[in-house]
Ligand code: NDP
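Listed next as structure tokens is one chain, alone, in the form predicted on its own.
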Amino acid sequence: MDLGLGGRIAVVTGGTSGIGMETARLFLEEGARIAICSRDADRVAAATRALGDRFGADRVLGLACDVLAPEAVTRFSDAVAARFGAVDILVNNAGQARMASFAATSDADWRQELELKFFGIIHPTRAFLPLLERSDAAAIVCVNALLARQPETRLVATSAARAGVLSLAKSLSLDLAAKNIRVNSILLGLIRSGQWERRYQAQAAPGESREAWFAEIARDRDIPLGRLGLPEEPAAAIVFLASPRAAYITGAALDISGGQAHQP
């Protein structure tokens, strides 16, 4: 299926690894040009080089940028405008989880978690909005988590922040519809990532294979499909929701959790 992304410009925050990197790769495979960012300049350089070597350096822009610093995000948007002259798609993907119970979460932890989750969307959206407004097929996709609807006590601050971000994305979809900018979310379950790889290295029994360890995690978390997701699976959903093929979808939140969601 042709998603109609040829020649489009997509921006992916947190685009140097995992879901962000896979999303950038899929956009490029569909004929788009992409701009990626993360806080780590070395990771940005490595990801930009890898994608550029495969798809052409002229189609890839990478810049170190902390999405919590509005001046840095403005510099990033200015660089994208200077390089490509337009933006059609923004994927708000920067974020991480904070594993702690309510009793173990300090006021500073709460503030940091809420700031990252909210301003990780607010700053990029604000900075790229003037460019998106000029597109004839503008879309924003916010990478969220199933925690937004199904909180966990061991992730109390992240769960609360994720719920707020789901509401924020819905509000943006209503606010920006008049400007023909679609806003959708994906709600992630457990996805195999660098973080989960590090947990395997630290927690697996001697000689226990990755597949056996991950299968046990899936059983423990009651994932009906019996496995964790792969980064390219949510990436495919992001690219579809961002594409003109999804032109009549806005305000949606797509569950990508292997059936882990409890609600109908």
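All residue numbers refer to positions in the sequence shown, first residue = 1. Because the structure is a prediction, the values reported are computed rather than measured.
Beyond what is shown, the protein has a form predicted together with the named molecule; the following relates to that form.
Answer with yes or no whether residue 221 is in contact with the named molecule in the predicted complex, where contact means some heavy atom within 4.5 Å.
Because no heavy atom of residue 221 falls inside 4.5 Å of the named molecule in the predicted complex, the answer is no.
Residue 203: touches the named molecule in the predicted complex, heavy atom cutoff 4.5 angstroms
Judged by the heavy-atom cut-off of 4.5 Å, residue 203 is well away from the named molecule in the predicted complex.
I'd like to know whether residue 195 contacts the named molecule in the predicted complex, with contact meaning heavy atoms within 4.5 angstroms.
Answer yes; at least one heavy atom of residue 195 falls within 4.5 Å of the named molecule in the predicted complex.
Verify the contact flag for residue 93: yes if a non-hydrogen atom of it lies within 4.5 Å of a non-hydrogen atom of the named molecule in the predicted complex, no if not.
Result yes; residue 93 sits at the interface with the named molecule in the predicted complex.
Selected contact from 141, 127, 157, 188, since only one has a non-hydrogen atom within 4.5 angstroms of the named molecule in the predicted complex:
Selected option: 188.
Given the stretches 169-177, 128-136, 95-103, 74-82, which is the single one in contact with the named molecule in the predicted complex, using a heavy atom cutoff of 4.5 Å?
This holds for exactly one stretch, 95-103.
Residues 8, 59 and 122 all lining the named molecule in the predicted complex, heavy atom within 4.5 Å
Verified in the predicted complex; spot residues all out of contact, no.
Judged by heavy atom distances of 4.5 Å or less, which residues of 61-76 approach the named molecule in the predicted complex?
Heavy-atom contacts to the named molecule in the predicted complex: 65, 66, 67, 68.
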